[in-house]
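This document opens with one chain alone, in structure tokens, the form predicted on its own.
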Amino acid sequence: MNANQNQAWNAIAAEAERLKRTTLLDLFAADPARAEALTFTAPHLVADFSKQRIDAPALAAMAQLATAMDFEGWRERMFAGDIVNTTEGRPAMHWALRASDPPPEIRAAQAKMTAFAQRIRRDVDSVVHLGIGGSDLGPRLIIDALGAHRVRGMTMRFAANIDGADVRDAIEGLDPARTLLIVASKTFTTQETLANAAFVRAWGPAHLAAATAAPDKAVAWGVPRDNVFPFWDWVGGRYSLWSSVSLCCLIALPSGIFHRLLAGAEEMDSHFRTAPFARNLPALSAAIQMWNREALGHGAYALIPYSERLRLLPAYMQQLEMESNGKGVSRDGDKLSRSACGVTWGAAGTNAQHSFFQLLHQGVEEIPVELILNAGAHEGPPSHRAKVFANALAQARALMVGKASSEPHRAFPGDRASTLMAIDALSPEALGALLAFYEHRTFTQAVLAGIDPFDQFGVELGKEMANALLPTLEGGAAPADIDASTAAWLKRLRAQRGNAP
């Protein structure tokens, strides 16, 4: 860490120490314009940070860190197509997939996807999408979030887990003669995806397609070459929903909907690319997350979308943030002195209020909360719209103001931080902007921490060990260097497998 970075962190520590001695209510009392000053906008999105333990000097200290960590330089390099995935020697150009004027190879792939989607709708009424991680969570979220736009009569099924119940349930009740199987795998070697795909292929779907960066492997597996849709090694799995990985979305959603999603994401790209740090919503949100974690010591945050259509967003964000930034070393391989990522978790409100909000309000540790509203039209009974708004606003206020009581069990400590955000509608454009916002926030956090957010070597070791243990469970000898606990479990589970129905 250089002198400028040390100086920035010293300034952050001083501001944090100052603010620890005040309350959120005191901050509001000291500044009647606080809510307005700490509310920021970007395309389709507004965020109110006034209930966070920050003020102008604290944000200035975080801006000093952004300068010291060369935020603007790394942002420029990413959008220039330079190598920002330094450990793998690749650019990170997922943003190019949603550009209104993309490179020719992207435009050709998008045209091929659109034509295929229009043609295949005449021949199928069911689509089974098989992937895992980014090849599953992104398309699944889009289909769920934009469910109001779904093509009538088109059934969408997903399977990701290697647990066979998942893939068996995915084909339950479908007619193979009217089903398209889509296999989404960047390398076309992913164990879970290929095992599930082999099972479904044996069931006999009439049509096969693949989304992959290894088209020859897909063809060798049996997918007709005309039905193989490419993406590229500069698209990380958790950033791949903008690519052919979302072929199922073009089929299940009417023509034009997916391109509106891309357009909304491009609007957020433009904001992130051009807005200065002090007005850049993804960057400010990243700074506040790092402030909570590293300056105030809050190692987790809860993500609560007050929209049932966005109920998969917490799971999507778990992968995006923790797989991207769950690192312990810098780009140069030096051990980090501070964490680069906290724990992301959550569920949809109002369900979450009847689950873990007890911990958020009365638990020992403070866990900052991010609440997301759909400020546009809602489906279902009109009277429900006001109720969902009232609940979200009430939770943010209750976390801050708390409640005094002579009975300790009924007391709420309050003074707990939250951010309240809203999209202007649950439209394709707003969803695209929201997901691009989170991508850029994740990238900015990585820059502030000095890490590479685009590799994911942490997922590899367990997979390698699983491949080494699998032959034992299928009847082979146990590895010679296995530990006693694993050896005992191999013996136990192998015996159980022999008794399986």
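If you're wondering where the values come from, they're calculated on a predicted model, not measured in any experiment. The first residue of the shown sequence is 1; numbering continues from there.
Keep in mind that the form predicted in complex with a small molecule is missing from the display, and what follows is about it.
Trainee: The small molecule isn't shown here, but in the predicted bound form, which of 356-364, 233-241, 389-397, 107-115 has heavy atoms within 4.5 Å of it?
Mentor: Stretch with heavy atoms near the partner: 233-241.
Trainee: Look up in the predicted bound form whether I132 has a non-hydrogen atom within 4.5 angstroms of the small molecule, and give yes or no.
Mentor: I132: contacts the small molecule in the predicted bound form.
Trainee: Taking heavy atoms only, is Q456 within 4.5 angstroms of the small molecule in the predicted bound form?
Mentor: Judged by the heavy-atom cut-off of 4.5 Å, Q456 is in contact with the small molecule in the predicted bound form.
Trainee: Is K186 close enough to touch the small molecule in the predicted bound form, meaning at least one heavy atom pair within 4.5 Å?
Mentor: Output for K186 is yes: heavy atoms within 4.5 Å of the small molecule.
Trainee: Consider N85 of the chain shown here, and say whether it contacts the small molecule in the predicted bound form, taking contact as heavy atoms within 4.5 Å.
Mentor: Contact with the small molecule, no.
Trainee: Here the chain is shown alone; which of E267, E294, E323, E370 has a heavy atom within 4.5 Å of the small molecule in the predicted bound form?
Mentor: Of E267, E294, E323, E370, the residue with a heavy atom within 4.5 Å of the small molecule in the predicted bound form is E323.
Trainee: Just to be sure I understand the contacts: of T190, S285, S427, T419, which is the one whose heavy atoms reach within 4.5 angstroms of the small molecule in the predicted bound form?
Mentor: Selected option: T190.
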